[in-house]
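Quick heads-up: it's one chain on its own, the form predicted on its own, in structure tokens.
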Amino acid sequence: MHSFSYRANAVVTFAVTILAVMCGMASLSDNFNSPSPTADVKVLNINWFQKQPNGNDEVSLTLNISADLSSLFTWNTKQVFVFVAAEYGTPQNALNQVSLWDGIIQSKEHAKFWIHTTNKYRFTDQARCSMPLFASGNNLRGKDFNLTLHWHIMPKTGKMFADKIVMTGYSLPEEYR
């Protein structure tokens, strides 16, 4: 005859195994979801475009950000981190990314939004410098850039997913304002 502790151990081990298998199956079920988010980011105004005293170019933009990210939400989605980045190339770096705005969406009800805002973070040229937000040079004058809406889906269980929508066709003026 088996003791009480032996039987309790067998029941708990069986329950944990079943729970782990169900979590694995649930996490795999997210692979069958094919989201179709939509987004549009418009530059309404270039508020200022100036050379800082240390020689860096800095830009302030007014943006309209509209997105419908509700298709990213499933039963397994805890929250979605979303941000808009300006992306451009320079002779020193093939890809420079500057975050302009970010947010955390915690429910499907808040996943469809429209925001009228100025950039939350500095859009400063990052050509070459030890400080991440500052650089020397005037690499932004006349520069073409893309605005990209990135998102990272943080699930309740399983791996994180990330994707983006790139919007092209933006350029900065040749002269400072």
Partner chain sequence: MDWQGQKRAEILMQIMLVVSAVAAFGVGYTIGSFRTMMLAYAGGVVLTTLITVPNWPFFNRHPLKWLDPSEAERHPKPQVNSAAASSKKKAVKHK
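Residue numbers count along the first chain shown, from 1. Not measured: the values here are computed from a predicted model. We call the rigid core the largest set of C-alpha positions that still match within 1.5 Å between the two forms.
What follows is about the form predicted together with its partner chain, which we do not show.
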**Fill in**
Partner-free chain; cross-checking its partner chain in the predicted complex, the single residue of L63, A111, A26, A39 with a heavy atom within 4.5 Å is A26
**Message:** Test of understanding: in the predicted complex, would T90 fall inside 4.5 Å of its partner chain by heavy atoms?
**Reply:** no
**Request:** Using the partner position in the predicted complex, report whether N76 sits within 4.5 Å of its partner chain, counting heavy atoms only.
**Result:** yes
**Any non-hydrogen atom of V166 within 4.5 angstroms of its partner chain in the predicted complex** = no
**Asked** So in the predicted complex, does K159 come within 4.5 Å of its partner chain, heavy atom to heavy atom?
**Response** no
**Message:** At a 2 Å cut-off on C-alpha positions, does T17 qualify as shifted between the shown form and the other one after fitting the rigid core?
**Reply:** yes
